[in-house]
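For reference, the chain that follows is the form predicted alone, supplied as structure tokens.
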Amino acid sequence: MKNEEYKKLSIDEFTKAAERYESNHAGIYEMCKKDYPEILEELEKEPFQDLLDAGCGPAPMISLLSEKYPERHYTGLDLTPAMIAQAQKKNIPNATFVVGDCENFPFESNCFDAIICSMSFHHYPSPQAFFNCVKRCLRPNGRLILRDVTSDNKALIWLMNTLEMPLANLFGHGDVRVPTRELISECCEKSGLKLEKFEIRKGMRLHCVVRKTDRKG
């Protein structure tokens, strides 16, 4: 499929899921809640003031962060207008929500200390474009904390990308590919970012920390 076809599938999928995403009837999206504590733990290792949640959905993570750190500023970006509408209904202080593409950030350069991206990256047809945006919009020494599903089992990844993903597309899901260690490393190298941590945690969870080490946008 073409890039825009994947994105249309994602918009259609998450428009339908927006109202139930944080409910007790979230279905497959229930698994996303498992990422929040580990993202928070990673974030709290260093100070931050301005944070972007890329693929924020209805802003569950920003809700948690705003309650704990109300003096900081949060921006949520999501491709699906219905998700942003749900986030805006929360009236979170010091939070801004924007409908937009995570492969083309609509933000100025060097404007975030931290970027988080949880269970969204596998929907991006052009992962390099996302990493290029991260490089441009992070401040020097800023971090990307990336969570998704992965494995070092090449046969399993092949099966997921060759069989499971196309099947998911047929059922209306906008999944593109399972990110691998090699993909993340290549994207970091090409964008000029430093891959500081790549771990595969319980439940095939990718836990990744990427840093901007220079002063160029």
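Numbers follow the displayed sequence, beginning with 1. Quantities reported herein were computed from a predicted structural model and do not represent experimental measurements.
Missing here is the form predicted in complex with a small molecule; even so, the following discussion is about that form.
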{"property": "Segment assignment from 181-189, 149-157, 49-57, 65-73: heavy atom within 4.5 Å of the small molecule in the predicted complex", "result": "49-57"}
{"property": "The small molecule contact in the predicted complex: Asn132, any heavy atom under 4.5 Å", "result": "no"}
{"property": "Close approach of Pro140 to the small molecule in the predicted complex, 4.5 Å, heavy atom", "result": "no"}
{"property": "4.5 Å heavy atom contact, Gln86 to the small molecule in the predicted complex", "result": "no"}
{"property": "Close approach of Leu144 to the small molecule in the predicted complex, 4.5 Å, heavy atom", "result": "no"}
{"property": "Complete contact of Asp113, Phe198 and Leu206 with the small molecule in the predicted complex (any heavy atom, 4.5 Å)", "result": "no"}
